[in-house]
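One chain comes next, on its own, written as structure tokens: the form predicted on its own.
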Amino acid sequence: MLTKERNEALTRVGPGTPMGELLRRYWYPVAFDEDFDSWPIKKVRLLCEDFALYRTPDGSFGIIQEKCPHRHASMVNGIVEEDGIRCGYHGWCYDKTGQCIDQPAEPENSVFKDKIKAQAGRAETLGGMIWAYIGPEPAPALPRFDVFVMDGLRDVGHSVLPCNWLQIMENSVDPHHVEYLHGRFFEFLGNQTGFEAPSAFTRAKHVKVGFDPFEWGIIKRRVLEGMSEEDDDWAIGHPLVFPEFMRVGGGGIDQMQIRVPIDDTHTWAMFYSVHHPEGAGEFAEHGPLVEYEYQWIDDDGNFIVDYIEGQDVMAWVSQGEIADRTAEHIGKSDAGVIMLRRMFKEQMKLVAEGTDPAVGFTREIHDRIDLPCEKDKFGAGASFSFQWINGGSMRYSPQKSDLLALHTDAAVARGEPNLDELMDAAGQ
């Protein structure tokens, strides 16, 4: 268990907090490209602060504090111009650095504007999303992780969850939950209600788990019953990417799970997937990103737990807005969670000492950063993609039928044996 003070240090993300100062050294997705199709300004909230995110006529983006430094009117109702954004109340204009460059009602020879600078970050596009950096300069490079730049059919399920971001991230280094939450619990639900749980998850019996720190975070490994260290789940594994991602994959699907800390008690939890199964042929380069909200609670306020991510959401949210780690009982099976907490503690210390974080942080610009990730997850083979689409958050995707057709055609092109049986077992 942790002390109250230690739990506070790990979970509070506002300005001036140890964790907040660390997290401000990284980039976060805060909107989708399509959000700006009809209007060039959007209000966003990140790390307990409110901002106006805007697109200028040249297609680039800026992000500035929501309250105008003049009389605190909202910049969300501002006027976007070539050089930046102008407050709709009195016309004060700010460039993308936050510097005030015009004050229409002040004397023509006034230097007052030179003394006014709003809080502004940086905003860039990547993978159909707008990313923001609101930390100190010089800013790190926006990491171009493989999932966000590879070709294929792309979609992202997302929802705002009423809980702290850390309890979601801790789940990423907790492999044993797969065996129970997505295995035994899934089977129990199936027995009670009559639906068939995805076999790829219900047969995931753990024999061995391991965790290795690397430059981008922690690689999680597992050996399942009937498998060995030669199989993908151990030999390659998949990473928690510090501080906000988890990279997973299998069956021709590559996914980045993203946890954006809106504030201490709300997280924008996203499942960004790219479908490019072997045998599918060529894809249009960087096709459109299809976004949708996945459902995690029903009209009666009950958790929706008959799919994989819905079960995860239940576990995250039911811990409370901020998990009380002063009352937990950590065991040896929680080795990954312990490693992650230590990693956060070490990186917070580096930032407090005035240096850059040593994990998940780079100033080098990459065209693409390839992360280690298993391809044959759980040894499930060709049926895994069908089970993941039907039994995961992708079931809410408006292009679900297209995704299933893509994987079916690819399996036919590969000459998969017993294709009908595979699809029947996966519920297609």
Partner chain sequence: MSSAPHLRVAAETKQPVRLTGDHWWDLDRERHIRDRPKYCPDCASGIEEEGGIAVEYWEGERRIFHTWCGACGWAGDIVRVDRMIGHETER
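Only a predicted model underlies this, so the values are computations on that prediction, with no experimental measurement involved. Positions refer to the first chain, counted from 1.
Quick note: we don't show the form predicted in complex with the partner chain, though the next part is all about it.
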Problem - Heavy atom within 4.5 Å of the partner chain in the model of the complex - residue from A105, A327, V111, A358 - result: A327
Handout entry: The unique member of K115, K349, R184, K205 whose heavy atoms fall within 4.5 Å of the partner chain in the model of the complex
Key = K349
Completion exercise
Counting only non-hydrogen atoms, the one stretch of 291 to 299, 80 to 88, 244 to 252, 338 to 346 within 4.5 angstroms of the partner chain in the model of the complex is 338 to 346
Exercise for the section: Would you check, heavy atoms only and a 4.5 Å threshold, whether L10 touches the partner chain in the model of the complex? Expected result: yes
Handout entry: in the model of the complex, P138 touching the partner chain (heavy atom, 4.5 Å)
Key = no
Problem - in the model of the complex, G226 touching the partner chain (heavy atom, 4.5 Å) - result: no
Handout entry: G331 within 4.5 Å of the partner chain in the model of the complex, heavy atoms
Key = yes
Problem - Residues within stretch 1 to 32 having a non-hydrogen atom within 4.5 Å of the partner chain in the model of the complex - result: M1, L2, T3, R6, L10
